[in-house]
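Alright, here's a single protein chain in two forms, structure 1 and structure 2, each given by itself as structure tokens.
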Structure 1
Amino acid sequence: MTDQLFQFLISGITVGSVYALVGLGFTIIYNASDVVNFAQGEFVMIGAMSAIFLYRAGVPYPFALAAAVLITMAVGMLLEKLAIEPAKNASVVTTIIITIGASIFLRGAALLIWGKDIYGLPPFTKDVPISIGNATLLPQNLYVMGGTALAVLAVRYFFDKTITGKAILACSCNRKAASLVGINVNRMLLIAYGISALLGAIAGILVTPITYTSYDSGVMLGLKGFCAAILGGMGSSMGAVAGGLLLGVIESLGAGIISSGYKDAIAFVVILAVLFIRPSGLLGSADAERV
């Protein structure tokens, strides 16, 4: 039983790492522009699908992964420039509708470009399972966990230590004041969308060798990432990471102990419970300063 629980924990942390990156992307955009970007899941799908087809076209694996990240960042920046920036004075409901429309558009474009088939990436290294007691751990699981940890640390360093990161934080606190001291607010928002897309692409590239992907795989990942951001506290970057990991573990344990048929429902039951009991999230508060 202990080995079985450990196996569930490994699976939960792996998938939770992906939710954490998607949730962190939600939080960055929400902090920078007050927009809940429901196209975040499509960044995960575009990163994965771009990497797959560049690799199949003969591009060396590392270069295919790097190019896929750049393509996804370009898509994220175009979304901000063409859809979000023109509607900067619109209501919250309007911007949510815009991002949902962008999600549908990106999914449709992916269907036209790549079709309905399910695709996979080869693992980063030899896929020989590592035995820990009666539980097994794939090397790709370690890449997912390690890649997520590095990405989160890099994001924290960017916002805490760099001028550009601090400028984005200034825009999130007060756009008018930031503009008055010479910060180019539009450029900062563009960079924030690029970072969010980058995180989505990393998530897609890391997890695809384990789970495979298709043109519509971003829908559920986007919803789970949104749940992670709400669970941790919308507006709290580290809360989104903690929420993603916790959600992944709860989902894995629930699927293993209760039934895998309830796997997706468990996440939404958890988020409904959190919204009823603590609407600001586990690590958030109603008057918290955004970071």
Structure 2
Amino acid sequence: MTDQLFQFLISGITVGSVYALVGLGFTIIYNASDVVNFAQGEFVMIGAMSAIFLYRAGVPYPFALAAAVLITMAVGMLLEKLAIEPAKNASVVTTIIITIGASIFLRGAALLIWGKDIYGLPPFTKDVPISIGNATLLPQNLYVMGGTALAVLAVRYFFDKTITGKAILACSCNRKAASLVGINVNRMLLIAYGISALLGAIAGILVTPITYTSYDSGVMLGLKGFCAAILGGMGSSMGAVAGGLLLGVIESLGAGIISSGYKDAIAFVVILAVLFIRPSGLLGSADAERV
């Protein structure tokens, strides 16, 4: 049983790492602009799909991956410039619909450019299973976990230590005050969207060798990432990471111990229970009511 549990945990953390990265992307954009970006899952898909097609076109693997990340960042920044910035004064629900529209649009574009087929990426190193006791994992599982950890640390460093990072946080606290002290708010928003897209692309690239991808695979990941961000507490970046990992582990344990058919339902029951007890998520701060 303990061996089984260990295997469930490996599976849960691998899947959860992706949720964590997507959730972190949600949080960064939410913090910078108060927008819940429902096109976040599309970044994962675009990252993966562009890497696949560059690689298939003969670009050396590492370059294909790097270029795919850059392409996704450009898409993220374009999204901010063309769809979010012009709608600056829109209400929260309106921006939600805009990002939903954007996600449909990006999916439609992916469909036209890359078609409907399912694709995979080769693993970063040879696919020889590693055994730990009775549990097994692939090197790629380790890349997913390690890559996620690195990305999360880099994001923390960026927001805690660099001037730009702090400036973005300042925008999220008070946009007017930030612009008064000379911060270029629009540029900061652009950077925030770029970072968020970057995280999505990294998630896509890390996980596609295991999970495959197609033009419509961003939807589910976006949804799960949103769950991660909410579970952790909207606005808390470490909360999103914790929420993502937790969600992955709950799904895996739910499937392993209770019922695989109802595993997603189990995960949502847990989320609902958490929200009923802590209405602002695990690490979220209860914000004051606007009167």
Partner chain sequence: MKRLAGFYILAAVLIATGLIFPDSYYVTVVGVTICTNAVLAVSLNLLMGYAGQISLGHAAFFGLGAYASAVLTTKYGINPWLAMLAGVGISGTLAFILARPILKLKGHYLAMATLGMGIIIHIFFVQADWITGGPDGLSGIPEITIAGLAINNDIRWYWVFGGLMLFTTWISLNIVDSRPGRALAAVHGSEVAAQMTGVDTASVKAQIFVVSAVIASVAGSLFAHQQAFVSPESFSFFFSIELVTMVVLGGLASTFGAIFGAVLLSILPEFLLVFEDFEVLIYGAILMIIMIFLPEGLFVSGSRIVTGWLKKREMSTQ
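Note that the structure is a prediction, hence the values are computed from the model and not measured. Rigid core (definition): largest C-alpha set, two forms, superposition within 1.5 Å. Residues are numbered by position in structure 1's sequence, first residue being 1.
Novice: Give me a 1 or a 2 for the form predicted on its own.
Specialist: Looking at both copies of the chain, structure 1 is the one that matches the description.
Novice: With both forms fitted on the core, give yes or no for whether the Cα of residue 257 moves by 2 angstroms or more between the two structures.
Specialist: It does, since the residue 257 C-alpha is displaced 2 Å or more between the two structures after the core fit.
Novice: For residue 277, what C-alpha shift in Å results between the two structures following superposition on the rigid core?
Specialist: Spelling it out: core superposed, C-alpha of residue 277 shifted, distance 2.7 Å.
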